[in-house]
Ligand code: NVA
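Just one chain is shown here, as structure tokens, and it is the form predicted alone.
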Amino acid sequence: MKKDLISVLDLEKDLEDIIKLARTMKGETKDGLEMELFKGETLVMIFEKPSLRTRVSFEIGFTQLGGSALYISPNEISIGKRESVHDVAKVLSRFADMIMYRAFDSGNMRELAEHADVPVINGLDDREHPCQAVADLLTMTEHLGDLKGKKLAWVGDGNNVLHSLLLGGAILGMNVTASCPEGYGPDREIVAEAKRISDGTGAVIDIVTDPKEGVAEANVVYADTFVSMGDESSKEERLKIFSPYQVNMELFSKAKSDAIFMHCLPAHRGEEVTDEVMDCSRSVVFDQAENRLHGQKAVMARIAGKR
């Protein structure tokens, strides 16, 4: 039976092992070891939203694992408009061995996975960004060791990346506090699911509005854009509402003295984060970006049953 990665919940039993596998595969890549896990196979990458890291990491990652990757731009399919999700899934299943889909609509994501006969990986939708969470948790593990009992402080919008980090943190026993303006918090169902998982792992999941309270004694401070793709029409209003949530040195100093700073990129310097924080010695944003490659290689290998 095929496996898909649509939500971090799909990795609930495997997340720790996938992070370990990603670290192993990262070392193998650095040592120049050839891994032809996908020799003769093809990954189709469907993009409705643009991305630097998602496209490059998946394409290079699948190539490093011996396969070939095909990019499909937003105008080539128009899933659900020009052609039904069901038919796209069935057609691509005849051509490809794996599908990565970067979508606007989580409903389309789930429908594609339901009807595809090959594994489908969520490269981002409006509900979650599971591959980003894998790379983030890999990066945190490299810098902090065991994440159980450590504190991740999210500052800003309660978006898809936060949703995946809430679930991933809960699975690994990591405390996650999200500081979001009133009315901009994470989805209540996601929070409830994270708290359900945390009952068994000892994690503490908390949603607050005061960024100073949220960042206090954190091991990781995480920022993301105040204006996500699709929210451009409300940019000016959002920038006013979110301005107190900028991660600057004053706010960063509320965390532990050895706390690391993370951002999934692209960063809007001077909005959600200052240059001083982005470029400081405790910023690990480029380690984080690199780990998209290694995390996704591990995800693809595990989803396909290769490692």
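Nothing here was measured: the structure is a model prediction, and the numbers come from that model. Residues carry their position along the shown sequence, with the first being 1.
This protein has a second form, the form predicted in complex with the named molecule, left out of what is shown; the following refers to that one.
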(request) Quick one: from C264, A259, I46, L65, grab the residue that has a heavy atom within 4.5 Å of the named molecule in the predicted bound form. (result) C264
(request) Heavy atom within 4.5 Å of the named molecule in the predicted bound form: which of T141, N160, S179, N175 fits that? Just give me the one. (result) N160
(message) Residues L124, D224 and S228 are flagged as a possible site; in the predicted bound form, is every one of them within 4.5 Å of the named molecule by some non-hydrogen atom?
(response) yes
(request) Specify the contacting stretch among 244 to 252, 35 to 43, 277 to 285, 264 to 272, defined as having any heavy atom within 4.5 Å of the named molecule in the predicted bound form. (result) 264 to 272
(request) Output the sequence-ordered list of residues from 128 to 152 with at least one heavy atom within 4.5 Å of the named molecule in the predicted bound form. (result) H129
